[in-house]
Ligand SMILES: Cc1ncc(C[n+]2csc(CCOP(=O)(O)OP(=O)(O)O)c2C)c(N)n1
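We begin with a single chain expressed as structure tokens, specifically the form predicted alone.
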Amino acid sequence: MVHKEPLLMTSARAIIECMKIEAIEKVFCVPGESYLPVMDAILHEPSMKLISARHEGGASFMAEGYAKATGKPGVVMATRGVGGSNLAIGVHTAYQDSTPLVVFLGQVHSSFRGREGFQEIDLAHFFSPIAKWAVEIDDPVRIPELVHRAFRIAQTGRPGPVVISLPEDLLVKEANMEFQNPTVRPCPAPSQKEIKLVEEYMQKAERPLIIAGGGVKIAGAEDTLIQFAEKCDIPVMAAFRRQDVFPNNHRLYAGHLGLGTEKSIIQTVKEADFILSVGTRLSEITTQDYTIFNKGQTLIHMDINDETLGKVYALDVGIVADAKEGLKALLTLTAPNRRNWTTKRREIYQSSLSLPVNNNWNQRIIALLQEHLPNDAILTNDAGNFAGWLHKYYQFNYKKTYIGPTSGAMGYGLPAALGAKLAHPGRIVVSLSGDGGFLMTMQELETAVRYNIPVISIVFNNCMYGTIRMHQEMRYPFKTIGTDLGKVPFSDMAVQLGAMGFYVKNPEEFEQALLGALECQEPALIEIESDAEQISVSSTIQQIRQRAADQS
């Protein structure tokens, strides 16, 4: 329990005391003069470490990746309008990915507010559309109240980002501070009425399906999901970039609903007559542009946030519940044997793994990762078509081994890997990026070297913004503008920054580089010379152009 007697201290020290109570151990930032007292207070707190990044966007991705890896709030700091603007991409990512994130932003002196002071932005209004809550604190006595509230909002209900604006003069002011106990995350459970309704619908179902999302991971409900699926013999599909929510080698795993998902796997959803959606907001990508459900299906949606229920699709039953508590309650149910349905959907998923592709280099690279990485290795990825091979072929057979941005943010892979490695220093962490996204945050490789964070960065270099080029060829074949990129010597740059650097042209060279990177115990980058023609898992540029010609 927290000592409730008022304690005299500065606002800056009170902020750190709140974070200490909330068990925050790592704080990410780009330093700024507007919040120097907070940085100084961290220096004098032995339980906390400050990680200074090269760019606020990188710092926010580190904090977001750290939060995903630990389940605790990530904390990031920056200065005024310029720093806040730079880290906004991490706030948006945390919002769409339902990641608990607390952002502290230095603000101009209170007496300068409203005069367009140096780097002034109304930060609370600026961030309110992409944050769960945004507030500016102007009274030092209220620091504990509002900071504790921020951590509670970030972690409860559907988790997400909270932004706190701190006027520069506030931080040195003293007051008698009264602190609260740390946040206890509520875990609501279904009512008996809701459980009975689910049972009635489930007993009638012939082709049931579970779609599991990030809420299962946040609740630590992966093992409970396995128990429920096995007891009721129901296939499980993973929502977009949540593949580690259920073991991919399990007989009930039926695939991943993401970008470029095989039609045969999507058909599993279309043929299902009963869908239990757990801990997912049923996003645009998971639902394949909101197309895969039909009116003949029973839809049960369980989520900890009542606003998520019915937002995308009309429901037969909506249940506000923590994923773990909800699945535990459903373990009391029984269901008829549907082995033919479950076996068929598993066979279809397995068949999709062996479909022929035009060029199997990237497929072979993923197979080598599967072969040489330990079972508990954590993989992160950037946005880009290169991730199609990871999503299609890599088997996430252990929980908490994958961190990817459902927001599709470029530049995410490397800094998120740094956050994950700081969260789990004893585990191997590998990031995958394309050359376009990687160069947006490559400077954080120096951060990895400076703090000795031994992550492995894999960069697929095809000298283009490949995903955009693919869409460009589909809509404007034979015409390219803005998507070609210059040749960047990533492996050489890595060496200059103090990391290990490898340049490879084929899977055999990649295997040797991977083994070397795993052995060196320091930051390493493997640059893969990629075939620009092989624009995606399923198509080459020429094939896209040919299809366009055939339709014209």
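All residue numbers refer to positions in the sequence shown, first residue = 1. As the structure is a prediction and not an experimental result, all values here were calculated from the model.
Keep in mind that the form predicted together with this ligand is not shown, yet the notes after this line are about it.
Just one listed stretch, out of 458 to 466, 249 to 257, 137 to 145, 73 to 81, contacts this ligand in the model of the complex at the 4.5 Å heavy atom level, and that stretch is 458 to 466. Although the partner is absent from this view, F127 stays clear of this ligand in the model of the complex, with no non-hydrogen atom inside 4.5 angstroms. Of the heavy atoms in P167, none are within 4.5 Å of this ligand in the model of the complex. Contact annotation: G436 falls within 4.5 Å of this ligand in the model of the complex, judged by heavy atom distances. Using a 4.5 angstroms limit between non-hydrogen atoms, T183 is distant from this ligand in the model of the complex. For the residues P208, G384, P159, G214, the 4.5 Å heavy atom test against this ligand in the model of the complex is passed only by G384. Between this ligand and the residues A88, I453, A321, M440, the one pair within 4.5 Å by heavy atoms in the model of the complex involves M440. The partner is not shown here, but in the model of the complex the stretch 406 to 424 reaches within 4.5 angstroms of this ligand through a heavy atom at G408, A409, M410.
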